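In structure tokens, one chain follows: the form predicted on its own.
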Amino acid sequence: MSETLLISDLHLSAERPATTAALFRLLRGRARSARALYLLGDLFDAWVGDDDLQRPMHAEVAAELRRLADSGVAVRLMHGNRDFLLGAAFVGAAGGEWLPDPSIVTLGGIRTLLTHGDTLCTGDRDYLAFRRTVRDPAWQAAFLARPLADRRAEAARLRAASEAGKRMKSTQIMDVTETAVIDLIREHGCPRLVHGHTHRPGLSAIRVDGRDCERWVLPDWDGRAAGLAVDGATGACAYWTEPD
């Protein structure tokens, strides 16, 4: 059985063409032999509404994902903290399927809990308050009703504010808390958790209610493809980077 690939935190933008090129190489290469490709959030650095599919880079990304899906590889997408406004039009253009956050999937015979990871950063109260605001359907409806140019400008302002805020926060505050991780694993009863968001790839062993569990953190992208591969026969996980 072939592998499943999991990636997140590409932060695609017109200002980072090397990262977009790396995604296209993955979609035209290694991903073609995979069973499924899971994108666990922040595919884009910002997304202000599906009418922004008119941008050439956005349309090209959707088209390349569609080609992968049409080849028989399942493409599954989850919202991140930057692209939470991705909607049905984009997913349809990409030939993908939505994944709720969190989701449970079976990979290589192992029940695996998938999440973007931002909700695990419970020490960052300011961010969680902001998240509650922008995930509210009323806020989103009002935002999407604004002209596209206004939404792009607002997204740029929010990105700048976010980067400024990060410089004033400790790395501990912006990382996941062990309590949140344990609570999520306990709630869903999965021995394996995979998430992105923190840009701190690594494997952690966690003991939950007397059971050994593991947490895999996906790497972010910076001009080079990177992610986690799960063997379809054994369930074994391995990090990979381009070139692999």
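Just so we're clear, the structure is a prediction, and the values are computed from it rather than from any experiment. The numbering used is simple: start at 1 and walk along the sequence shown.
Not pictured, yet referred to below: the form predicted together with a small molecule.
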Is residue 158 a contact residue for the small molecule in the predicted bound form, using a 4.5 Å heavy atom cut-off?
yes
Flag residue 90 as yes or no: does it have a non-hydrogen atom within 4.5 angstroms of any non-hydrogen atom of the small molecule in the predicted bound form?
no
Interface membership of residue 103, the small molecule in the predicted bound form, 4.5 Å heavy atom rule
no
Whether residue 85 contacts the small molecule in the predicted bound form should be assessed with a 4.5 Å heavy atom distance threshold; does it?
yes
Name the single residue among 74, 134, 110, 148 that comes within 4.5 Å of the small molecule in the predicted bound form, judging by heavy atoms.
134
Find the only residue in 190, 68, 46, 34 having a heavy atom within 4.5 Å of the small molecule in the predicted bound form.
46
